[in-house]
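Coming up is one lone chain in structure tokens, specifically the form predicted alone.
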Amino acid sequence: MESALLVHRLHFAFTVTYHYLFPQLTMGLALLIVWLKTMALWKKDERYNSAARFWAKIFGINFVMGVITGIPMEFQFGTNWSHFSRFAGGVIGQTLAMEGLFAFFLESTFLGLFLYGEKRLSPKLHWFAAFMVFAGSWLSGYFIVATDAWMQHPVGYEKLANGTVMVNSFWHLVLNPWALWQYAHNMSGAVITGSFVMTAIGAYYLLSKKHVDQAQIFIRTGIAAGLVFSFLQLFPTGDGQGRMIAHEQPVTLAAMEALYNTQPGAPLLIMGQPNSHSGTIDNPLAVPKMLSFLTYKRWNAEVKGLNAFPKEDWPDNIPLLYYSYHIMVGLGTIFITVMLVSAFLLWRKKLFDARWMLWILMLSAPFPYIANIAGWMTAELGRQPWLVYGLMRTAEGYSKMVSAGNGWFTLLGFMGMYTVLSILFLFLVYREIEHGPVSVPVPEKFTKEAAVAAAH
């Protein structure tokens, strides 16, 4: 039975990880496309419309891939996690249904208008279509995060006589304080992905000396958004989420930091390797008392270690949780550094000629994906051994009648299908990048402004 549970966990981990490669870009691009359309209206500069049109195509490809890979996860609740669905369906069914009926349809309807209605709609109505795509994608993200937040911090429910749970307060469910911090942290991560991808394509075009006008727009937009949201990812969203974990899931915090023993003035580990056998950290590099200060705002505050909790309540893979968390934090620090240096060079009007920095921006595109996936791994590994924290253990929620062999068969099938989908996705995106945005003449007022600036 344990092997079947492991296979079901691997199965869902694979499908949800692959799926989230796509929504994080669409949610991030949705905001940036609205900004491009806003600038086009404000400046009456067709280059911004051309840039928005180009990114709308990338958005559309990602959106389709997100839909294709998202639908199987809904069915997996019934096929692989039927006991969990029976127990919690009266709660999570609410938010999942709202995501599908409201947010998804809102996003997909206006996406059609945005992609194919530019010639039929006025500029303001086309901007409105872009805004509604953004609103739908971010609302969709909220309902999904609210679902996961209930599993992390169940509120607004009551137990029934048959052992299942149902909603007794809709507003407690959708305004779960865990959901508010988790959503803010998640969406800032999505905008970072969109910003880095947009900046990377702009850097590629500048290095290739192609589509220079739009490439500069991509880079300016991406750096501005990337700088703001990289800082927001650290504070207040990351700080707020961390304090929520410390208050509601202290054993998770201890595992994330591999803090085996309770101590006042707990240090913050920069690097090191957790040794679960000895309950120590090998080769530690730590900042003294910093974990206590970040968690409780007091340098000598006591932080509970794993030894303060029953071992059966410890997350079941502490090393993986520890490394996921530190990869996320480490990459987030790198993002701030990259964006600060890029913004400084942009301010000094040296970025577009600094090929070394353009190469860094171009090659940085994959890393926000890694950071976002590591963040979700931290959240889900940290909740273990609970499927619904404090209410249902993971070992109780899977489909007992589905054998490990059946799980492996479908998992390998998904891997094969997703390999084909990956090839198709990369081909379609590559084709759009090679085609590039449509070149448009630079408005006369901007050429005059550039000439005046050059003269001074």
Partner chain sequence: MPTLWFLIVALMLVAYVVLDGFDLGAGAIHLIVGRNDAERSTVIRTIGPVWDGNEVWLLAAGGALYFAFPQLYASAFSGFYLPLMMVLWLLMLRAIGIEFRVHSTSPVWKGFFDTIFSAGSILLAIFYGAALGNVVRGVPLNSDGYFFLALWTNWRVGPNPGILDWYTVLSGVVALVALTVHGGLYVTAKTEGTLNERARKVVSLLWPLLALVTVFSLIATIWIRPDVLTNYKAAPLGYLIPLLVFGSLIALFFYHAKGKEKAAFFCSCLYLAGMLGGAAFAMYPNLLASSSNAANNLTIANSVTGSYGMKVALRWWLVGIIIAIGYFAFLYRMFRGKVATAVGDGHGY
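Numbering follows the first chain given and starts at 1. Remember, predicted model here, so these are calculated numbers, not experimental data.
Just so it is clear, the following notes concern the form predicted together with the partner chain, a form of the same protein that is not shown.
Would P154 show up as a contact with the partner chain in the model of the complex if we use heavy atoms at 4.5 Å?
-> Answer no; every heavy atom of P154 is more than 4.5 Å from the partner chain in the model of the complex.
Examine K159 and determine whether its closest non-hydrogen atom to the partner chain in the model of the complex is within 4.5 angstroms.
-> Contact with the partner chain, no.
May I ask you to check whether G238 falls inside a 4.5 Å heavy atom distance of the partner chain in the model of the complex?
-> Answer no; every heavy atom of G238 is more than 4.5 Å from the partner chain in the model of the complex.
Y389: heavy atom within 4.5 Å of the partner chain in the model of the complex?
-> No, Y389 stays farther than 4.5 Å from the partner chain in the model of the complex.
Just give me the single entry in T280, N307, T109, S208 that has a non-hydrogen atom within 4.5 angstroms of the partner chain in the model of the complex.
-> Only one option qualifies, and that one is T109.
Though the partner chain is not shown, can you say which of G265, P177, P284, G90 has a heavy atom within 4.5 Å of it in the model of the complex?
-> Of the listed residues, the single hit is G90.
Would you confirm whether the three residues I68, E74 and M417 all fall within 4.5 Å of the partner chain in the model of the complex, going by non-hydrogen atoms?
-> Result yes, every residue of the spot touches the partner chain.
Options 94-102, 188-196, 286-294, 313-321; stretch whose heavy atom lies within 4.5 Å of the partner chain in the model of the complex = In the other structure, the partner sits against 94-102.
In the model of the complex, which residues of 111-131 put a heavy atom within 4.5 Å of the partner chain?
-> If the 4.5 Å heavy-atom criterion is applied to the partner chain in the model of the complex, 111-131 yields G112, L113, Y116, R120.
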